[in-house]
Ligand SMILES: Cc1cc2nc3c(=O)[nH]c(=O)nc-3n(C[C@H](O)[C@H](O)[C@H](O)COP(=O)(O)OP(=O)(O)OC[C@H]3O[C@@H](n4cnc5c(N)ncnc54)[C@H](O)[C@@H]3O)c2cc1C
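In the form predicted on its own, a lone chain appears below as structure tokens.
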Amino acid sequence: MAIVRDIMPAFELFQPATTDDAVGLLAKYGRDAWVMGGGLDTFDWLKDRIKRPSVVVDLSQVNDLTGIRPMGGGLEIGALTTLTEIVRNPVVKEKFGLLHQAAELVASPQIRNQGTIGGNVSQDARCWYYRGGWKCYRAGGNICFADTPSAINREHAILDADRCVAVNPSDTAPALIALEAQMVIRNRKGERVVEAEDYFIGPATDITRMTILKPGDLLTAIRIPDKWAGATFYFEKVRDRQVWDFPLVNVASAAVYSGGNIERIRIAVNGVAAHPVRLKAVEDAVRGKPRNAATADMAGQLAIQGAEPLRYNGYKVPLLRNLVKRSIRGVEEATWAS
């Protein structure tokens, strides 16, 4: 039966004025509640009638979830802060330019005006089989339609696949991981803080979720410490179209150099797995090495170890390798040679 589009199912709408009220509603309604920030991902799901929550908790009136505040030399960013606010913030641009670069490449200006940082890191998979209502593993079925001989899977995973080959579509997520950001989560039991790289999970952990958020949880803020303030940053996103599109592959790196050598570095990539991937093996291998072509080549080769491309996404392997090489050497000196 064809899916009826653009007619949203009925639900009860709540618009809390405070974080406490929002957390209370999420605790009360649990799995029946849907959290809405900017609404961009929400309306896609609801209009396609794939998600049918009985309760929608609209956070647009919760002012304490917005804004960018100094915190211990770093910043705390409310989860409801728009991507445009992040792009325009002078402190983000001056001290944490990696996040500025990543946020500026999300979608289009119109979407950045509405879309929030919390929504960007918490959005669901964009696999068209899953989004189209197919009963795949992620939707509670017993097959991955994107991993079959006849599947269209050019945008899917080449790393860490476990039944599901959908990828995480966020641009800001790898930047936050590279900056050692922390995610602040509230529920009725209190507040907890987790590292950004632990906020995202893969199908081996829970195939129905892409983050550690469970019913009743609310992402309230993102904290960026001053560890990488003013470092050398690199962000690059490859996509089919230069506006609006999600990444085919993106890379984010923060590095400190000393005498031409790599003193310390963090690298994360996205669009290649169900979660952003921090390249710890690459970081360890290049630490203390000179910033040159040999080091970049080694980094690129390490980055693609274990890659298992599908029928139509083999191009992501050399793409990932070369983006990682460029993150070491910079765009001016790197080469796209395969």
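Counting begins at 1, following the sequence as shown. Note that the structure is predicted; figures quoted are calculated from it, not measured.
Absent from the display: the form predicted in complex with the ligand. The rest refers to it.
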property	result
Stretch in contact in the model of the complex with the ligand, which is absent here, among 258-266, 90-98, 109-117, 223-231 (heavy atoms within 4.5 Å)	109-117
Listed residue that, although the ligand is not shown, lies within 4.5 Å of it in the model of the complex (heavy atoms), from L218, L159, A125, C136	L218
Exercise: F246 in contact with the ligand in the model of the complex, heavy atom 4.5 Å	yes
Proximity of D171 to the ligand in the model of the complex, heavy atoms at 4.5 Å	yes
Contact test in the model of the complex: E283 vs the ligand, heavy atoms, 4.5 Å	no
4.5 angstroms heavy atom contact with the ligand in the model of the complex for V35	yes
In the model of the complex: members of 225-243 within 4.5 Å of the ligand, any heavy atom	K237
